[in-house]
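Alright, two takes on the same chain below, each alone as structure tokens: structure 1 and structure 2.
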Structure 1
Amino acid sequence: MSRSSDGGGPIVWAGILLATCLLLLLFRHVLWLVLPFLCGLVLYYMLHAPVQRLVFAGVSKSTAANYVAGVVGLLVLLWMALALPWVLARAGQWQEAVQHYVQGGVRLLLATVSMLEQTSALLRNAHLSQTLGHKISDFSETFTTTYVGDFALTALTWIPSMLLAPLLAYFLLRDGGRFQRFLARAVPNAYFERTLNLLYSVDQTMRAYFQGLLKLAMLDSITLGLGLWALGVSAPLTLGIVCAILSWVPFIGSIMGGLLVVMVAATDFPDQPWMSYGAVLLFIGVRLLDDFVYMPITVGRSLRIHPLITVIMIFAGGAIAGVPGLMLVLPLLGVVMVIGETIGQVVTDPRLRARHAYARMLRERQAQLDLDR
């Protein structure tokens, strides 16, 4: 199905899919640790290449990790020192721009409802556009007092957990080899080679996932950007990149990206609602391409998972663990697939089991000789 191996039969794959679903259910309850760990892995794979170059140049791994982490930390602090005054100086302009685009989206919504009322007596008698206008006005007035405080409180509770991400990335860069050796020493000699291969495969699987995610973002950005450019929407490439990054959070990210595209199109063409409808159809088409074409051929192919299993597990992840499940299902499936297939190869390999049994017999014989002396 993905690898040509003796351990990839239907029983092994049933165990892989079941284990993935159970882990998703578990991760849903420890999300405070899973998300920082996932962000830490992203940072690790981004910084792994410069650390390796320093190691190949003769620098020790711990020293190389310290150098890279120090340089990145200084760059981040410098960027924050330069960007913060610029952001604060333009905060008012950005707030006005956001309000301007939101008003454009609201005008499009009310115009669409009014048009539907003209074609439906039921909606016209219900005064839907008038009711909706009042609801939007009330929501706008109470949004700051009702939602902003809760959002800020939630963000503050997540800050300590997310600070684990750079810490995890640093220690993976510095001590990742020690951790692998620690795991390898706990394995019997008969399975030592398989264990080394397993650790390498897990590392390659995670690297392939993040590389596939970048390829997916590039395809989404180009496709949506070209479509918006053809429609004449302002800043098409920027919108494409922002929507592609938001789509890394399935469903919710797609909804936010779609609303952003609609609001910009409605503001750019206030008297031409069909342009906004065209942008909606374009966005839906790109999302369908992303879910059923781009994701299987980028992330799914990078993980060497069949496209059908990729699509099924995406839906299963959302059903089991919601939005976190959608984010975690593919990298988790890739890692469980590697571990499951390796275990399947070990269990079904009579030579490895014979080597392990013979080694155990020799240890028992040696222990008996020591007792007889």
Structure 2
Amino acid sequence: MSRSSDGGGPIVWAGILLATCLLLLLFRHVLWLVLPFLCGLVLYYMLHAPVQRLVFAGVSKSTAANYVAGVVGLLVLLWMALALPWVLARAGQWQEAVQHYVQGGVRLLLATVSMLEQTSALLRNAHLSQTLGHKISDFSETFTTTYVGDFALTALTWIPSMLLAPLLAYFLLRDGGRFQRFLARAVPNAYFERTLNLLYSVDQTMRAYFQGLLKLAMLDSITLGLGLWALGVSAPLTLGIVCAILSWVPFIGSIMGGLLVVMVAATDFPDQPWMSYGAVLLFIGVRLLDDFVYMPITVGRSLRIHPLITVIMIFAGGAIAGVPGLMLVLPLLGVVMVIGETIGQVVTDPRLRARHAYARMLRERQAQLDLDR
């Protein structure tokens, strides 16, 4: 991607940030469409590489998209056919396992608080472990009746719209180029080359972001999985993958991943709390590695946004649109940034505007050619 000037001025950047916030506000109301679209984009960029390989081998793009979509569809169906009976047969055990791990985590928490109470008179007088024990007990008693039903209902309502994601990914793979040309037809001649570059830049930014996100998840999974395996925690790779995917949601995802790791470690080693603390330290270490090493070499490079703006926009995204806002804000900012900078270049280029005005005058003159007789 070649951008002739580096970034825009303060007015362009203010416009970019404002547009991103307004779009987040809009997206909050059409979340049923935005989330499948986002998943579709992730799927599209995952499958783009095999499609490209087929295109390199001489297969046409649409046939390559058909083959890849067909193979992936068959694999998913096969996996579902094999996994569904197994999952259904063990559904009861899973419920018990979840309770088992939650209890393990609660035991660790209470043991840690008791340990702190022994060292601090203030905590001892506050009866923190006793209060905490009662609250957790009350919460676990009402959890099933209060939350599980709502959660299941929400999941059911999301299934139809989430089915849009694979459909969208398939059509993007097959007809993405045609759609771009369709959009470009509406652009005036004077701005045409810049618009082609803009469409290309948006595609490149999104591709780099989502492919970076996938690479980041892979690196996180491997690092955390290896660390947990070294500590002797059960299912280290699965835990690593789940935590890596959860960390796509800034802040909240990391906290949930951390809790998960602690619960499993506490249950696996009920009499050795130091193993759980080790797991916490490992998790924090992986998060730091993610923030300062992996993120800059994968996702960070794709967006080229100043870290301060990134952090501020993540907070703004969370405040405007909640958890989906946290997830959406960075890719959205990347795309709006490319569009904003290009529009900034076009609007501030007097020669391009003059050429467009001249072309419009020529077209009007041609339209009025025989009207004066």
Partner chain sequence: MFGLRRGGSYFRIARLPYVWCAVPFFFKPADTAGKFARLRRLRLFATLTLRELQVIDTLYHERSFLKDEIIFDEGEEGQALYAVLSGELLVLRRFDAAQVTLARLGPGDFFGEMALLDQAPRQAQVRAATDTELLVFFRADFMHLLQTHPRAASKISLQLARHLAQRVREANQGKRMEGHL
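Residue numbering: structure 1 sequence, from 1. Bear in mind that the values here come from a model prediction, so they are computed numbers and not experimental data. Just so we're on the same page, rigid core means the largest C-alpha set that superposes within 1.5 Å between forms.
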Worksheet, complete the sentence: Taken from the structure described, the form predicted together with the partner chain is structure 2
Item to complete: Inspect the rigid-core superposition and answer whether the C-alpha of Phe56 shifts by 2 angstroms or more between the two structures.
Response: yes
Worksheet item: So with the core overlaid, does the Cα of Tyr277 end up 2 Å or more away between the two structures?
Response: yes
Worksheet item: Is Thr112 one of the residues whose C-alpha moves 2 Å or more between the two structures after the core fit?
Response: yes
Worksheet item: In Å, how far apart are the CA positions of Ala230 between the two structures with the rigid core superposed?
Response: 7.6
Item to complete: Please state the CA displacement of Ala217 between the two structures in angstrom, with both forms fitted on the core.
Response: 3.1
